[in-house]
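Only one chain is included here, represented as structure tokens and corresponding to the form predicted alone.
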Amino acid sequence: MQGILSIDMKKRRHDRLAFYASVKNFRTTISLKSYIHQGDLGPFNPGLPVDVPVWLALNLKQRQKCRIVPPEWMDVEKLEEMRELERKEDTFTPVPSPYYMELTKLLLNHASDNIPKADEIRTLVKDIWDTRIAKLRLSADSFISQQEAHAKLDNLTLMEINTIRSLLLDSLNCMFKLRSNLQPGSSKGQFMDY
């Protein structure tokens, strides 16, 4: 039970990190100054775009005080290019944001009316995600079958690493147990649990 709780807690922490990425906030109608632990924000002037944390943008959007301008990479043409590049390359390509999946989900769930072609964007990001996860599973399978001891994880996001983490940890633990039992001086048939 403790293992399940720690995974959920890490996912929540990871979601919280994405919540602090910034988006542009537009058409704000409040003119007060906000004091938060990240620093001072505001005063907000109507009609002037300002960068704010995602959590604040979503809060203001929920209260119908602003319009959210999506990140530059959240464009159909750019995402199509990214999808094609990801499909062509054997290695992982750089993503536009380390929280691209979380930001997409948050913005499309809470501000889809501010995002042009929201359904196409949702589909493209899902395609990119599926391609990257398939590559990750193939890489993990190759890593395990070659009995490697370490790997370099370039251009992966925390969420992608988190999806494969339990499989890799379990596999590496089993490989360690098998290797330690094959070494001279180890007691045969007895697994040591570390």
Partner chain sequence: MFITDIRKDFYEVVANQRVALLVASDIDALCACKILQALFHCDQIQYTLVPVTGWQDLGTAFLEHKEQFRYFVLINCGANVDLLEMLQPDDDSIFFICDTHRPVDVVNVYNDTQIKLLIKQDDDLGVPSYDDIFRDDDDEEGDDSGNESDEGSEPSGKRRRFDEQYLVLLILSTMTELMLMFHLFHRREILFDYEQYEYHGTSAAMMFFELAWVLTKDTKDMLWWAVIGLTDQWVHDKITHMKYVTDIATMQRHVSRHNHRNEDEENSLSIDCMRISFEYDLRLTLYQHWSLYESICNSCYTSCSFKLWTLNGQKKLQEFLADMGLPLKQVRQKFNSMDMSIKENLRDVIEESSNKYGMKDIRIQTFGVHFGFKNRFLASDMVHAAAALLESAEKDESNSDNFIKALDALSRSNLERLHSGIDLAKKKLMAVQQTVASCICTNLILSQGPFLYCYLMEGTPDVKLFSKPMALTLLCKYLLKAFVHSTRNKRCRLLPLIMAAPKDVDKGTVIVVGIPPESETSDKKNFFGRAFEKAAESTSSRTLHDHFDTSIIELKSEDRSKFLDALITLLS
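Residue numbers count along the first chain shown, from 1. This is a predicted model, so every value here is computed, not measured.
The same protein has a further form, the form predicted in complex with its partner chain, not shown here; the description that follows concerns it.
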Fill in the blank from the handout: The one option of Arg87, Lys117, Lys78, Lys105 with any heavy atom within 4.5 Å of its partner chain in the predicted complex is Lys117
Practice task
Could you work out which of Ser166, Gln62, Asn155, Gln147 is the residue within 4.5 angstroms of its partner chain in the predicted complex, going by heavy atoms?
Solution key: Gln62
Handout entry: Ser112: touches its partner chain in the predicted complex, heavy atom cutoff 4.5 angstroms
Key = yes
Problem - in the predicted complex, Arg83 touching its partner chain (heavy atom, 4.5 Å) - result: no
Exercise for the section: Have a look at 49 to 57, 135 to 143, 158 to 166, 62 to 70 and name the one stretch with heavy atoms inside 4.5 Å of its partner chain in the predicted complex. Expected result: 62 to 70
